[in-house]
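Alright, two takes on the same chain below, each alone as C-alpha cells: structure 1 and structure 2.
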Structure 1
Amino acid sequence: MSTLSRSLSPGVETATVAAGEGVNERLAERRRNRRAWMLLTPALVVTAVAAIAPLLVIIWVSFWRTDGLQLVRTFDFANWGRVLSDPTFYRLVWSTLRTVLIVLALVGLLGLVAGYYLARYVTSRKLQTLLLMLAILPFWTSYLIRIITWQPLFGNSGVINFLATSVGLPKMEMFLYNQRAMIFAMSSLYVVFVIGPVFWALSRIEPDVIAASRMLGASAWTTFRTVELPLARGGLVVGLFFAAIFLFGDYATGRLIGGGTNPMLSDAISQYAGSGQWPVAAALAVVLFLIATLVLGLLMRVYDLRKEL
C-alpha cells in the first residue's frame, strides 16, 4: 500500500496520478457499500420470500381457473371475466372503498379533535402525558380481545341496553350486526393511530409561531386553519396511513361486529380462500392491492411520510 501511495506523490507524471487517483477512497467506498448490502440482505430475503413472492404468485394464480373442486393451472382471462361480470364484485369494491373512506374521515376528525384538545387545552404536563398514554395504550393490546367485548357491550341484553332500560329508555339495536356498528367499531379501533401523531406534530410547533400568528391579529380559528393544521398535517397523515394499512386487511371486525351485512373485499378473500376458490380470492386480492396502493399513495401525495422519519 505504502509504495502505491508513495507513487502518487507529486513530481510523478500527472498521467500516473490520474490513473491511480482515489484508490483508497474507492476502496473505502466499496467497503462501505459491501457492508451496507451485507446488512441489508437478510431483511431483503425475508421481504422477497414473504412479501414480493406472494404478490407475484397472487397475480399468477388470478389467471387460473377452478373446475369444480379441481384447480386448473391455465393462463387465461376466464377467472377475471367471471369476477368482473359478477355484480357482487362491484358491490364489494364499492363497500370496501366507502367503508375505508368513511372510517378514515371519522378517525381523522376524531383524532384531530382529541389530539388538538390534548395539545392545546390540557395545560398540566403530567395530565397530558397520562391522557396520551391512555389514548395510545389500547393499540398495544389484542385487537381481537377488544372486538369480542362488543357483543356484551352493545348486544340486545348488553351493557348499553341494560343502562338504557334502567333509566327508562327504549332498547337500542344500533350497534351490532349492521354497517353502522362496523364503522363505529372500526373507528374506535383505529382512532388510536391518529391521536398520538397529531398530538406530537402539534406539540412540536414552537409556541412563538402561534403567538406570532395571534399577534398579527389572526383569530384562534384562523390560526388553526392557516398555521396549526398545515403543520399538523404530517401527524394526521401518519395516523391515517397506519389506520388504512390495518383497515384494508381487517376482515374480522366486519364478520364479528358487522355480522357480514356489509362484506368487504378482505372478508370475501378470506371466505373464497377458505372454500378453496383460490383464483377468485387471488383476483380479489389483486383488486384490493390496487385500491390500497391507490389510497395509501394518495395519502403520500398529501404528505410525504419520509419527512417524519
Structure 2
Amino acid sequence: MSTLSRSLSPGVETATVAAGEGVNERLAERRRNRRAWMLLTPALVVTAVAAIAPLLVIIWVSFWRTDGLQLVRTFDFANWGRVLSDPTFYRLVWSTLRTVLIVLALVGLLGLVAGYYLARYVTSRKLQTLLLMLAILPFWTSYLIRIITWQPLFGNSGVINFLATSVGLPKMEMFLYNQRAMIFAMSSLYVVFVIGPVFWALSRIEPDVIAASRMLGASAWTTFRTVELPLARGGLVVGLFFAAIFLFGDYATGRLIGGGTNPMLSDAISQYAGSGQWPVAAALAVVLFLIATLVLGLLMRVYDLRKEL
C-alpha cells in the first residue's frame, strides 16, 4: 500500500497544483471584472442621466393630456390615437424619411469622392491637413449662422442673382424656400461628417494592396470597386451614421432655407412644443426616435461599427 501511495502521490500533487492555479485564475478574473465595472460606472451613470432618463421622461409625457394650457399627469392613449389617426402624421413620416435618405445618398457620394481625392491625389500631408481643416472650418461657427449665410447668397436679391444680372443674365427666382434648397443646404452642412472618415479609411489601405490589384490586370475602377471601396466601407458608414443622427434632429434648416415647404417630424415637434402641446410633441419625438433607431440599425447591418472601435 505504501508503494501504491508513493506512486500516486505525484499525480495527486499535480492535480492539486492545477486546481489551485484554476482558483487563482478565477479570482484574478473576478478582480479584473470588478475593476472594469468600477471604471465603467461613471460613464454608465452619465449615460443613464443624460440619455436614458430623458428618453423615459419623453415616453411618459407622451401619455399625458392637456386641459387648456395645463398639463394633466395621467396615463392616457388619446394623444397616440390622435397622432396615429391623423393623415398628416404619415405625410410627415414619409417626408422625413425621404429627405434623410436623399441627403444621406448625396453626402455619401460627395464625401466618398472628396475623401478619395484627398487620399489618392493629394500627396502632400500638409495640403491634406489644410483641405480637411477647410472642410471643418464652417463648424467653428454657430449652426444657425451657417444656415443663415445661405440666405444672402441664394436669396432673390442675393449674391448669385446680383452676379447674374451684372453680366446680363436674367434674374433667377426661388433659390430659397423649396425642397431643393433645403436638401442642398443639408448636404453642404453634413458632408464633412463623411469626408474625414472616408479619407481616414482609405489612408489605412496599404499601397501594396492596390499595386497588387493593378498588377493582376484590374483597372482603376475595378480596383476601387472590389478592393478600396470594401475596405473603406467602415469609414463611409461611420460618416453616414453621424450625419443621420444630426439630420433627424435638424428642423432649423427646413424652416429657414426650405421655408416650411417640406416639413419634417423634427419641425412638427418644435411647433407643438412651442405651442404648449407637450404630450403630442413627446409622442412625435418617440416616433422620430424609433425611425432614427431603425435607420441607424440598417446602417449597422451594412457594416458592424464595432470593428472600428
Partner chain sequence: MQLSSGQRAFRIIGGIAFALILIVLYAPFLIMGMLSFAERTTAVFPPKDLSFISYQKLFNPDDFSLFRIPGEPLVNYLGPIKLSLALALLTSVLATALALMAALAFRERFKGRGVLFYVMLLGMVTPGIILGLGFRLFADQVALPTGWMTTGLLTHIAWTMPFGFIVFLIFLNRFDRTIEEAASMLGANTWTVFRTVTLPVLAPAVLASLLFGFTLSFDEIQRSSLVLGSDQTLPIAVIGATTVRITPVLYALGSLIALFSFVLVATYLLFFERERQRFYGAPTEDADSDADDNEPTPARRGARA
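Source: prediction; values computed, not measured. Take the two forms, superpose them, and find the largest set of C-alpha atoms that agree within 1.5 Å; that set is the rigid core. Here, a residue number simply tells you its place in the sequence of structure 1, counted from 1.
Note: the form predicted in complex with the partner chain is the first of the two, structure 1. Core-superposed comparison between the two structures: CA of residue 184 displaced by less than 2 Å.
Superposition on the rigid core between the two structures places the CA atom of residue 116 less than 2 Å from its counterpart. When two forms of a protein are overlaid on their rigid core, residues whose CA moves 2 Å or more are considered shifted, and residue 137 is one of them between the two structures. Core-superposed comparison between the two structures: residue 38 shows a Cα shift of 4.3 Å. If you overlay the core, the Cα of residue 47 moves by 2.5 Å between the two structures.
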